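Only one chain is shown below, in structure tokens, and it's the form predicted alone.
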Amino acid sequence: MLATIHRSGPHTRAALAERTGLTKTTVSSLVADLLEAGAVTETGAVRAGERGRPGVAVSLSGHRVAALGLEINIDYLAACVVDLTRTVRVRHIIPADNRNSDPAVILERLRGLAKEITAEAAAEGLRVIGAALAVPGLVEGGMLRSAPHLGWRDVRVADLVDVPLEIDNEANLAALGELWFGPRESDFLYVSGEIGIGAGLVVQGGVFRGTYGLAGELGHVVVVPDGPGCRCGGRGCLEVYAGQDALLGDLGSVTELVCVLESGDEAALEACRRAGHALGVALTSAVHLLDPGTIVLGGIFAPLFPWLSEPVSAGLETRLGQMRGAPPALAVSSTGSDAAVLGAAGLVIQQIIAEPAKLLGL
């Protein structure tokens, strides 16, 4: 029933009974439980039909139940608390150099950040009942199997928070963040540009993960067969040409890069042209395999979209002209660098909506 309210908006109890096929007595009992748990609220009198007395609308409540999203990235830690209406209530980012770091040290910092932000949410009357963590690597069975850019292997995240915790790849969660917090339809290919480059394929509102969870490793698609070596052991990978390190060069941040691009710096413009060309080559292969209707550029590609979109689009048009009437629409992410941490929190919100009895203890 909570899913019905989430999907189609506030309804009277009579309307909920009609939509769910449950009896009015059962609906009233469930609504009472959800009210007690703080998941819904009753507001205003509305008329469910042409006849009868007005009923009271039951809608999702953003006042008591919340989810915690966490992210470990190469150069920052992030956390956010999102209420049931998907409103971000608290958000923190801590810049950090996490390359080749000690997992125990980074996880302890993240534990402190989670404790701090949960306390801030509690001060606003919110109870965090679940959490999810986005990591830049391969996740299997709740364990971070490999995160090459962090220098981590086989790291189990335990005792990070005092609520149930899930862990997932950052590109997958970023794609879901774009789906749930952006203006997206239920099918698109999300490309996450960071130091590494990942992708999340959203199909009918869910992420396609592949047999072993390896789907979306776009950064290691070969764009130049005899190109420079990549840290994965291959040569000529997309990451070598369009990853954050390749784009920034000697600059310290994407913000600095945007500034020099706006000033017309030729070296910076050439780096973007080179990255856009390589990205267009890799995405051509992705389109041949997956046939997405829209490609969304996120992560560092979002602020660089004005300089990347033309070479990417040109590459797609040149290589796909004979195969389809038009290349996929190219769009900029609306969630930017927050996509993964929002997707992490959104994952918990989806679970609450799908199984309120289990997570709310009804």
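Model, not experiment: these values are computed from the prediction. Residue indices: 1-based, along the sequence shown.
Omitted from view is the form predicted in complex with another copy of the chain, to which the following refers.
S.K.: Tell me the stretch among 95 to 103, 242 to 250, 159 to 167, 204 to 212 that has any heavy atom within 4.5 angstroms of another copy of the chain in the predicted complex.
M.R.: Selected stretch: 204 to 212.
S.K.: Looking at 88, 260, 138, 254, which is the one with a non-hydrogen atom within 4.5 Å of another copy of the chain in the predicted complex?
M.R.: Spelling it out, the residue with a heavy atom inside the cut-off is 138.
S.K.: Go through 155, 131, 223, 77 and name the one with a heavy atom inside 4.5 Å of another copy of the chain in the predicted complex.
M.R.: Only one option qualifies, and that one is 223.
S.K.: Please state whether every one of the three residues 285, 289 and 324 places a non-hydrogen atom within 4.5 angstroms of another copy of the chain in the predicted complex.
M.R.: All of them do, each having a heavy atom within 4.5 Å of the partner.
S.K.: Tell me, yes or no, whether residue 231 is in contact with another copy of the chain in the predicted complex, where a contact means a heavy atom of each within 4.5 Å.
M.R.: Within the cut-off, so yes.
S.K.: Just to confirm, residue 318 within 4.5 Å of another copy of the chain in the predicted complex by heavy atoms?
M.R.: Residue 318 belongs to the contact set for another copy of the chain.
S.K.: Would residue 306 sit within 4.5 Å of another copy of the chain in the predicted complex, counting heavy atoms only?
M.R.: Answer no; every heavy atom of residue 306 is more than 4.5 Å from another copy of the chain in the predicted complex.
S.K.: Examine residue 120 and determine whether its closest non-hydrogen atom to another copy of the chain in the predicted complex is within 4.5 angstroms.
M.R.: The answer is no: residue 120 has no heavy atom within 4.5 Å of another copy of the chain.
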